[in-house]
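What follows is a single chain, given as structure tokens, in the form predicted on its own.
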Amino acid sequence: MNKVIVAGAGGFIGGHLVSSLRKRKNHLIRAVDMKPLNEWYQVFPDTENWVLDLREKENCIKSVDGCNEVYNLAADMGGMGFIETHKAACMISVLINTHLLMAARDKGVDRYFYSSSACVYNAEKQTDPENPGLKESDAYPALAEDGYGWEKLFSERMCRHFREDFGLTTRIARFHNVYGPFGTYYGGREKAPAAICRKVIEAGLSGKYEIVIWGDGLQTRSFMYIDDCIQGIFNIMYSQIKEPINLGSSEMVSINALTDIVEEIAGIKLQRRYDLDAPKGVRGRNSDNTLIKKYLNWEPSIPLKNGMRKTYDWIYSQMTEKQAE
């Protein structure tokens, strides 16, 4: 039996990861997050559920003790509206990876997974909406997203050097915009797919058929459905891939096109207003999946329209239930 710790288990991706690990009968699971249990997106009674702040070294040692695999998804983060205005908070997450790596080394952990981000990529390679796809080598020369991106890039290097210096097996995936149900859709930390779903639903429920879009709507991204993300985590964790690798969809769309998809799902058309002063990030970002296909003969493949339908339906159910209370 493997005993694994999922750090950040109360979050969106962490909750889905725990859910999937439970279906793998050879895993005992320790789920750890600093949020109170009633704020976790998914809680399972058959796992060890610990509320601990992993920025503290002692909590990392306690959490890793007895485990042979670590999945580190813990970070203080959110969508562009959060990371552009909370750069110091994002940087402090470096303590989590630092202390977990040290604990994993000292406790004899077999494998360590670190969730990095496409925010590590050089901003000068993301100025064109027609981005051909970011290769793993495009992280250098370094010019990462200020705050959050630099913390992720530094933590990638730490994982590498703990592997080289101490023999700890580390695996690193650079996530590209993960979305799906059981995640943040309001409050300032939500990402574009959830935010647009919420805004379209609000417009339909209120009868005010308009939507505010951050930026001019021409900025581009690729969005990976959560099921693809979880499968990719397992594929990478048990692979021989030593370097950081992209984990994202290569289906790039503009924010305007993403809004079109959600409007089609909802069956309405909205008047669009563009907030050019709102946080909007880089101009164009997409995942080049050449390397992951070479190593794994696999890449994320769930179509955006399919994933957005499931995401929309879940957010709609949450919002209408709250409205009925």
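The model shown is predicted, which means the values in this text are computed figures rather than measured ones. Residue indices: 1-based, along the sequence shown.
The form predicted in complex with a small molecule exists for this protein as well; it is not shown, and the discussion that follows is about that form.
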{"item": "4.5 angstroms heavy atom contact with the small molecule in the predicted bound form for L54", "value": "yes"}
{"item": "Interface membership of A74, the small molecule in the predicted bound form, 4.5 Å heavy atom rule", "value": "yes"}
{"item": "Distance check, F175 to the small molecule in the predicted bound form, heavy atom within 4.5 Å", "value": "yes"}
{"item": "Interface membership of G11, the small molecule in the predicted bound form, 4.5 Å heavy atom rule", "value": "yes"}
{"item": "Proximity to the small molecule in the predicted bound form, single hit among M34, L296, L28, I265 (heavy atom within 4.5 Å)", "value": "M34"}
{"item": "Heavy atom within 4.5 Å of the small molecule in the predicted bound form - residue from T170, Q219, S117, S155", "value": "S117"}
{"item": "Contact check for K135, Y225 and I255 against the small molecule in the predicted bound form, heavy atom at 4.5 Å", "value": "no"}
{"item": "Options 145-153, 162-170, 211-219, 101-109; stretch whose heavy atom lies within 4.5 Å of the small molecule in the predicted bound form", "value": "145-153"}
